[in-house]
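So here's one chain in two forms, each on its own in structure tokens, numbered structure 1 and structure 2.
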Structure 1
Amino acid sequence: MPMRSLWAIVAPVFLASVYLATAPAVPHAQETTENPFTTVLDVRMGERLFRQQCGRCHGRDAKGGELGPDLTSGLQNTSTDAGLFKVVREGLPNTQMIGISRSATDQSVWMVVSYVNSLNDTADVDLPGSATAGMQLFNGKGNCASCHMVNGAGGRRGPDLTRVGNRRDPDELVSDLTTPDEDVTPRWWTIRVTREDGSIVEGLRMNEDTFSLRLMDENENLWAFSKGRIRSYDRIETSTMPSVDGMLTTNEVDDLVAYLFSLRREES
């Protein structure tokens, strides 16, 4: 077999394995529809990339230029992160929209996606509630701060909500409050351990491997168990968060949502 055709067979395999060996631990575009790069820093990096590669057509501030449309007042071609990823990666066929440079990593594309999304935040939607009243409820009657941290103050038994308005829209926040048992990620599952003497310890699962378990109980005490030295343990996959249904009025829920949605990255 002549060398060249052998190389044609070997090369793709070889390149694929080099790619696998050197690729960072970032999910591949085809496999993920959720943007893994959404922090404030990612948005900034995305903005920088945008200015370098997209600004000449869309304008430095993305408000539109001679060649490309305004990207800050809603997008026509896509409504999902995955769709936007594809547009930025591949461009739009038969238009001047050429997309990002071919050498750009998936990470860079996601950062640009985050930046473009940040321009289209539903930042000024009119919400029925009052954010000020919501903040008072959060720290007072609603008892939310006992589990949730905002700007460094509060409990650790639930997710930090300092920037929750960037990741959840108002509708999603309403369901977070009314149906907390839906979509609980394993990070927030409860483990109930029955010790050899029959006593029970319950807490959020902080860490688990083949041999050990670490929990945080409701007083934020940490417990470590060796699995061989307990009688049994159960996973409880519901949320420890109580639903606000029946505890708060609809108006109070609106106030909380207005407050939570105001917890966003500051507009620069």
Structure 2
Amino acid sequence: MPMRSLWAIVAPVFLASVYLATAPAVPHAQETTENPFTTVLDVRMGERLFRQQCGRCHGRDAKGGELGPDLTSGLQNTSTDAGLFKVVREGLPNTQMIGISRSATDQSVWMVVSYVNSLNDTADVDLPGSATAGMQLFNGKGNCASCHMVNGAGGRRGPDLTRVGNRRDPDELVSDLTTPDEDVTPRWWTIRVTREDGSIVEGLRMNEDTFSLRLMDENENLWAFSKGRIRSYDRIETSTMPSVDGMLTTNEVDDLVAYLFSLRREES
């Protein structure tokens, strides 16, 4: 093989090794909640590591595979860098998400975090609504906070919206508000369980496998059932969120979208 062709193969691996060897040491994961590795090179390294470690389940382009969801449309299980680090490192209990290789360094995990975050960056746009008025609607007339959490405050019956502006553009937010049944991920399906005595328990589908079900009811109580010890169960694949059509005016929808889009990661 010509030396030039051999160098084309070896160079990327060599450069990556030099970078990992000479980069400043990363603090232990438990000592920091901010990602220390957010440069363009970190993102590129994270992409390479993602394809090696995560691509089999989530797809090489992170748009989803047979086992893992699409990560380019937003994250459902965490809204902070520290939380994403923990998911990448440890996985998610009672799911097929097992986490990255145990031999991966904290620095490598942070790079993967940077890459995943880069998938959901959204450019600034000029919106007609008022974010201040939208926040009042969110916590008041719209009653959004009863189901959705922002910065640790609110309910858990809907996705955490702390950084929803990083993963949803304004048009998508309008669609989420007006046609919530259009695209409901399995995480937000409802399960209605009929127990052996005929009583019914209904709630969000938290986990399901061949033998068991876990759900959270409207009071945020957790229930676990063995499928062999219930009469029946039904999956309801529509959204528990009502459409704002008829509830909010066009101007109020604009305000709410402006507020939701303002919930974004602040650039340093």
Ligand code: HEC
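Please note that residue numbering is based on structure 1, beginning with 1 at the start of its sequence. Between two forms, the rigid core is defined as the largest C-alpha subset superposing within 1.5 Å. Since we're looking at a predicted model, the values are computed, not measured.
K.L.:
Of these two forms of the chain, identify the one that is the form predicted alone.
P.N.:
Pick structure 2 here.
K.L.:
Return yes or no for Phe50: a CA shift of at least 2 Å between structure 1 and structure 2, with the rigid core superposed?
P.N.:
Yes, because once the rigid core is superposed, the C-alpha of Phe50 moves 2 Å or more between structure 1 and structure 2.
K.L.:
Just checking, between structure 1 and structure 2 and with the core aligned, does Phe138 shift 2 Å or more at the CA?
P.N.:
No, the C-alpha position differs by under 2 Å between structure 1 and structure 2.
K.L.:
For Val201, is the CA shift between structure 1 and structure 2 at least 2 Å following rigid-core superposition?
P.N.:
Comparing forms between structure 1 and structure 2, the Val201 CA shifts below 2 Å.
K.L.:
Report, to one decimal in Å, how far the Cα of Glu90 moves between structure 1 and structure 2 once the rigid core is superposed.
P.N.:
Its alpha carbon moves by 31.8 Å.
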